[in-house]
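Take a look at this single chain, the form predicted alone, given in structure tokens.
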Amino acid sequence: MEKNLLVGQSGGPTCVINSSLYGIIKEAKKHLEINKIYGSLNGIEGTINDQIIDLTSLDEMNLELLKQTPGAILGSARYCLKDNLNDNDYKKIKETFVKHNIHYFLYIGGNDSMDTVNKINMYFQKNNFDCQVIGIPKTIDNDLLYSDHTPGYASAIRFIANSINDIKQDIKCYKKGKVTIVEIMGRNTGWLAAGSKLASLNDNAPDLIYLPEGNFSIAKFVEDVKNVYQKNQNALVCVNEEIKDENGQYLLQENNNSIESDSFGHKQFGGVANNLATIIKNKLHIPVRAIELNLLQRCFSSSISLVDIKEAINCGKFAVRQLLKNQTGKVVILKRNPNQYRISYKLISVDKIANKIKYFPKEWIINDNDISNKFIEYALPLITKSYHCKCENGLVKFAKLKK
């Protein structure tokens, strides 16, 4: 009987989410058990609406270009399946699988996407439907439990570290400059903002770094900035987008109740740097600017880490091999050798990861405004080598799919 594989992409894209897709396609083509490889357009929504495309005959040029193409080339989604397994969405998913003889399903995404993997697997198990389901990790936030790190994180902090390195080098040129506040993504974990500490390897570290896992006080923040500025006549501050004040209120706007949320209940942030800049201007009366790195953190293809690409590809290949061993209801995690940097790939039950968060270690935070060298030891192997993208007319060349 013909058995086909379906893959979808979900959540916020990364520079290497398509590298995992590359790994899936390359590995699946090696196995006669898999007849066709399909892609679900816009995550699980494409499966619900029977919007899938055939990836089996993707030409070699575009296949190779997947490795340097940011964004989710199949299209992404933030679609939350209902907890009720009798919901009509599940019936539609099964109908699509039956129609296209799908017996293997891979879903690339973060902890929200693993919720989707978990629910689909539970539905198939409950209905005795023959289909193996495995999740492949992807998130720049690096907040998946049990995994040493996640594909996408290395390239993101490589961009952040280089951006902070450049910014610090720039602001040092004036005898008397400004306070520069840089807002960094990461939701309610500090893994990304901590990446700014890597600029210290070039003596260009931020003067102050604030993570959600630390204790943030507006009064202490103002005093910290004042002390640095009096000493250096400039200051570089890096702050996570979800910093809260001592009263537990998000600092991006006055009315926290008006912050919009996605279908998984995650608040949509942006603006904390501007808010803090206003506080500094009003309380210290010194020049200040706010910078938001924004989407560049997850899509800057010229800063892709070679390690990141290789590991994302390996996650895809490993997942395919595990499907063929009848593994289901699992997610791929990365384990690090403690003696030297070497990664192994394991499976763990998806219900242990779905909707859960791995926080930045509090013991790596110094004085609530700096990061210890333990983080540098952890992160440095991830960013040391860059991937040399194929370019055309001076621009990085991207893959194209016929949809």
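All of these numbers come straight from a predicted model, not from anything done at the bench. So that there is no doubt, residue numbering starts at 1 and follows the sequence shown.
What comes next is about the form predicted in complex with another copy of the chain, which does not appear here.
Although the partner is absent here, residue 23 lies well away from another copy of the chain in the predicted complex, with no heavy atom inside 4.5 Å. In the predicted complex, another copy of the chain lies within 4.5 Å of some heavy atom of residue 45. Taking the partner from the other structure, another copy of the chain in the predicted complex has a heavy atom within 4.5 Å of a heavy atom of residue 159. Using a 4.5 angstroms limit between non-hydrogen atoms, residue 284 is distant from another copy of the chain in the predicted complex. You can rule out all but one of 98 to 106, 320 to 328, 169 to 177, 240 to 248: in the predicted complex, only 169 to 177 has residues with a heavy atom within 4.5 Å of another copy of the chain. Contact annotation: of the candidates 349, 51, 372, 62, the single residue with a non-hydrogen atom within 4.5 angstroms of another copy of the chain in the predicted complex is 51. Contact with another copy of the chain in the predicted complex, defined as a heavy atom within 4.5 Å, holds for exactly one of 188, 118, 163, 111, namely 163. Within 4.5 Å of another copy of the chain in the predicted complex, a heavy atom is found for every one of 75, 296 and 400.
Taking another copy of the chain as it sits in the predicted complex, the stretch 1 to 22 comes within 4.5 angstroms of it through a non-hydrogen atom at 11, 12, 13.
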